[in-house]
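Next comes just one chain, in structure tokens: the form predicted alone.
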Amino acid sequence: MIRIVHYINQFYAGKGGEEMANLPPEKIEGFVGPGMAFNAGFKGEAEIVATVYCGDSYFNENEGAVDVVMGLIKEENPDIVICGPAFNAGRYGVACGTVAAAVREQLEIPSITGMYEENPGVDMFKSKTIIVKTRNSAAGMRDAVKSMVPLTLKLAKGEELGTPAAEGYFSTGIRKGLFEEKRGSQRAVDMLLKKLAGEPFETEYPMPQFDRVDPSPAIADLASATIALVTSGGIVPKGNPDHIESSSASRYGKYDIEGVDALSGATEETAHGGYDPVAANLDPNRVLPVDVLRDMEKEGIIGKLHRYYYTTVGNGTAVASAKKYAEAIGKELIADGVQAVILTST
């Protein structure tokens, strides 16, 4: 029987959300949370003998956390360690990557984790462990487990993995020689002909793509300009009426501040789950500076503050989703005659 230790964060261990993110490492016998799906997927070939969990903030803010986690894992003498999956949760992804890399280096046994392509843990650790491609949120848990189970068994048995494209994991940077029916020049010409004909083709060496945004020209007359506020800091009316998620936001909100000189902790709060909300809840203007913009409006420094502000949560939100929100918000702002936007974060 293949022995497995599973590393997860405090949320998936059932210990709480952001309020428990400072939980130190602990270990429990057997499996919990996503470990139940993993264990069922192994169908008797492997067993999760223990689960190690740690709060995301604690792990990332305490240098010794990884050593404690490694000690707890080592006690179980596992054949392989599964971390996560972390999807697009940045702190969780970094923690999973750190543990997975340490397992390979210190215990000299295989490890595996799963992340969304935009998780910072991918670039940090894809050369140090196997990272399976997942969706951007836990809604893709079933697919993630389905992809990770066969690779976990292969790694534990010492079997060779197929190509990243075939097996669904991020390239580790290792190149292996193989024989193709056609030499490189012929394959290149075939791809070029397909491209010219508008037919689908797949490059053998994909290049990274980076967005480039040309800066807008400076505002000619700030004193007559309409300025809007947009934030990824999650400031919403009390009670979060549009139910914007605390992480991996699937929507944004638009709220009227006409006649409001300053936000108040009595009427606004933050829905954001990626930072300590105390200061923002006490004074939401520190994330969304309505008070300062009103003062500038009264002093004639700006023409006026736009009557609506737009808000979402940046924590774990996919770039593709953020671009979609930006396009929709941008169209409305242009239609309303807004000349400039102040973007605030956390």
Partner chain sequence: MVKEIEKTGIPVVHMCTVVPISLTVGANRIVPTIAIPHPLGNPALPEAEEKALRRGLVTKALKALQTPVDKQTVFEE
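Values in this document were obtained by computation on a predicted structure and should not be read as measured data. Whichever C-alpha set is largest while still superposing within 1.5 Å between the two forms counts as the rigid core. Positions refer to the first chain, counted from 1.
Below, we refer to the form predicted in complex with the partner chain, which is not included among the displayed structures.
Which single stretch, out of 278-286, 44-52, 64-72, 25-33, brings residue heavy atoms within 4.5 Å of the partner chain in the model of the complex? Of the options, only 278-286 has residues within 4.5 Å of the partner.
M20 versus the partner chain, in the model of the complex: is there a non-hydrogen atom within 4.5 Å? Although the partner chain is absent here, M20 would stay clear of it in the model of the complex, with no heavy atoms inside 4.5 Å.
How about L305: is it within 4.5 Å of the partner chain in the model of the complex, going by heavy atoms? Judged by the heavy-atom cut-off of 4.5 Å, L305 is well away from the partner chain in the model of the complex.
Considering non-hydrogen atoms and a 4.5 Å limit, does the partner chain approach K128 in the model of the complex? Flag for K128 set to no.
So, I342 and the partner chain: in the model of the complex, are they within 4.5 Å at any heavy atom pair? Yes.
Out of G140, P110, G168, G90, which one falls within 4.5 Å of the partner chain in the model of the complex, going by heavy atoms? Residue within 4.5 Å of the partner: G90.
With the partner chain taken in the model of the complex, which residues across 294-309 come within 4.5 angstroms through any non-hydrogen atom? Contacting residues: D295, M296, E299, I301, I302.
Flag for R294, CA shift 2 Å or larger between the shown form and the other one after aligning core: Yes, the C-alpha position differs by at least 2 Å between the shown form and the other one.
Quick check on A249: with the core superposed, does its CA move 2 angstroms or more between the shown form and the other one? Indeed, A249 is displaced by 2 Å or more.
Rigid-core frame, C-alpha of G274, shift of 2 angstroms or more between the shown form and the other one: It does, since the G274 C-alpha is displaced 2 Å or more between the shown form and the other one after the core fit.
What happens to the Cα distance from V52 to A249 in the model of the complex: does it get closer or farther than here, with a change of 3 angstroms or more? Farther apart, which means the C-alphas of V52 and A249 are at least 3 Å more distant in the model of the complex.
Cα-Cα trend for G233 and E61, given that in the model of the complex the distance shifts by 3 Å or more: Nearer in the model of the complex, by 3 Å or more.
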